[in-house]
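Given as structure tokens, the chain that follows is alone and in the form predicted alone.
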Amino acid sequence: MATVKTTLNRRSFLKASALAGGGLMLGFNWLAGCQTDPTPAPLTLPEDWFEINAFVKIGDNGVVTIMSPNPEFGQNVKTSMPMIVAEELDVDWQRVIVEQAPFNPAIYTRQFTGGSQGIRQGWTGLRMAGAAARHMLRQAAARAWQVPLEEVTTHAGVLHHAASGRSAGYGEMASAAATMPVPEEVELKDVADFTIIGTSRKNVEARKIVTGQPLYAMDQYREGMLVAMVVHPGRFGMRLKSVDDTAARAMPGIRDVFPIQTFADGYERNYFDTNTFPELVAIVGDTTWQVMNARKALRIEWEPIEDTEIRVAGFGGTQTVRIPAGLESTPDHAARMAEQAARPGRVVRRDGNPEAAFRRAARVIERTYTAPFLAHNCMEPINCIAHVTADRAELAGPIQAPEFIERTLAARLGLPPERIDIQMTRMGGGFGRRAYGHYLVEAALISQRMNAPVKLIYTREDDMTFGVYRPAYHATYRAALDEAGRLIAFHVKAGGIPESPLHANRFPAGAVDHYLAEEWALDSNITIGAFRAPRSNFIGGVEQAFLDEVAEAAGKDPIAFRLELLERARTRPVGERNDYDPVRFAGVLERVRDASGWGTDDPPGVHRGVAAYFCHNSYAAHVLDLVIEDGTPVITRVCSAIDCGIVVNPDAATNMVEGAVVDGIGNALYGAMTFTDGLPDHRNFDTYRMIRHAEAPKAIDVHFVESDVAPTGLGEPPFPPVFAALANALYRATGTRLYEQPFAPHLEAFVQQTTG
């Protein structure tokens, strides 16, 4: 049993008084960055309890409420987080309720959903929250019964004193517990004693989701609410020149048409103020249909932008970002990247003497991989409700990073942050897209102009053509083998538009004596942003595809080859900056090898591909099986092994891995946003191909490595290696290596040849 400091004082540890009749209420900065929400079973609620931000509250009848600070977009942490609190509190899971907390950065220090950090960031704090509440309840019982504290035990929300036979529910002691001193330290359970963590609990909002109960901002309505849409330039590299709104204003239900500017002149943007088109035309009316039709009647002129530089305050400090003029096209992107890749890049890591090792190599393998821009395509298009008055702003919408956009809103509206209320609704998908909250600013500016509540709605076409894409990437790999087939040198040069995907200190860095990593980047006026497993979603896949080819050239089994390198990294690591644990990395490879029957139980006619990767503090490996049916590859099974530390909710964790597998396969096969003279070539799902139900794997088997390590990331780590597992399986099925994403166009020749 671990003992940890609570690091709380009475001021930060908020309690309801016994006279308030509301029971025990614990407020913590511990809960910052955590998300909770247990299954709402039929409960008799307390007659009275006091509610604040960031708290655990125990009613007089023993019902426990925990606030959920962070937004939820389907990762199910609103079920898993309260499980952590309930575990240490030692309460009956069926008597726990969780409510969505309001946005309040003064109390919650990380109200942000992204980076696979929810459970990881909240793990210790949530455990302390539950353990401290339990400790104070025990103190109250010990005083009431006049017995030593150490003799008071708990079980499922009931306090016990074995020697006297006394017992009491948490609710009976809640008011008295509120008068207890805040513990300076608390004892946490041993992992072996967990009874809730590690057991599967159903999504607490599942019933609401499947019965269509209001959960999203699109479901909400405000009295007197108007509907708004925005019009942005049709091409990247253009900006607003003029608008003729005469015809639109004459149409039924239209209230106003006017330009808006997202950022004030001279404003220094923060990291999530990404916005391709800060100058927009807003059109406001009574109904969505009226606004959509009137928008078509607008006559807008656009003009080319000029070369621009903006200042952006990022996590590593403020930097200058160049936005070039011009209308960009995909063929030009490809040519520019190929030209840049032929030049020396910026050296990020160098071990040994790679140049000399390549000169003396018996064999050198060199391959180049590319991938296009990708659109996020969240199921729920962008939307937001805003009501801005002279002294206050209220917003409700799907936002991953409310703290960052609050600063932008305050600067743009001229209101102090404490006068801005952001209500975080459930998101219909996020994947990084909703970290960029320009649409909240747009909605707020429109509401401010109209002096009325406004619901801003993007169509699918608006969303898909507005920017904030996954970047386009390019990577060249070289491997040097000696006469015995040993890998003696490794070189990666990677870049993209407009950022590099390189993670220079990840595997196989540290496993090769001579290693060189270079990177580069090219400016663009097409905006990019976080996409599930940023940068890793490309570099992890192509690295693993290349290693598969190197293993074949070395005459070694793909898994054995990787394990051999990882053993080298474990016993004789090269360098001191390797950011992976070779033991855990090898563990997922061994687990997926055994679970899939790799090499010992290969089904006839099945073509198998393997890949493994480390990112977001976790390890993931996949073996993908496919067969050829009527000349077409069909994925029959994916076997996945994951080491993400302690798994809080196995059902939810399995769902996340399954989603990553399907998402990765779909993007690898079909994902591509291309451009012609600044114009996105795809505006909706009729041309932007997505994976279909029949194309998903017939089975996905998920295996978690047992661990007592604190939980690490899970939403993103399984995603990158799926690309390579698919590519490697397709090679074994078709005999052709695939170096350019998406894969589907390159498979057409094989399908035609096989069926012809």
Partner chain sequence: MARFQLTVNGRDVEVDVDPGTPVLWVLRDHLQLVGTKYGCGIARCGACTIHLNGVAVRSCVLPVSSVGEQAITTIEGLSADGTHPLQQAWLEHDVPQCGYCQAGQIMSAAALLARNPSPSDEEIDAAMNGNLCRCGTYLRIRAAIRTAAARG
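Nothing here was measured: the structure is a model prediction, and the numbers come from that model. Positions refer to the first chain, counted from 1.
Form predicted in complex with its partner chain: not shown, discussed below.
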property	result
Interface segment, criterion being heavy atoms within 4.5 Å of its partner chain in the model of the complex, picked from 69 to 77, 400 to 408, 298 to 306, 591 to 599	69 to 77
Touches its partner chain in the model of the complex: residue 262 (any heavy atom, 4.5 Å)	no
Any non-hydrogen atom of residue 206 within 4.5 angstroms of its partner chain in the model of the complex	yes
is_contact(residue 473, its partner chain) in the model of the complex, heavy atom dist at most 4.5 Å	no
Partner contact for residue 341 in the model of the complex: its partner chain, 4.5 angstroms, heavy atom	no
Contact check for 292, 377 and 655 against its partner chain in the model of the complex, heavy atom at 4.5 Å	yes
Interface residue in the model of the complex among 218, 521, 574, 327, criterion: non-hydrogen atom within 4.5 angstroms of its partner chain	218
The unique member of 124, 288, 578, 674 whose heavy atoms fall within 4.5 Å of its partner chain in the model of the complex	288
Any residue of 685 to 702 that, in the model of the complex, places a heavy atom within 4.5 Å of its partner chain	685, 686, 690, 691, 692, 693, 694, 696, 697, 698, 699, 700
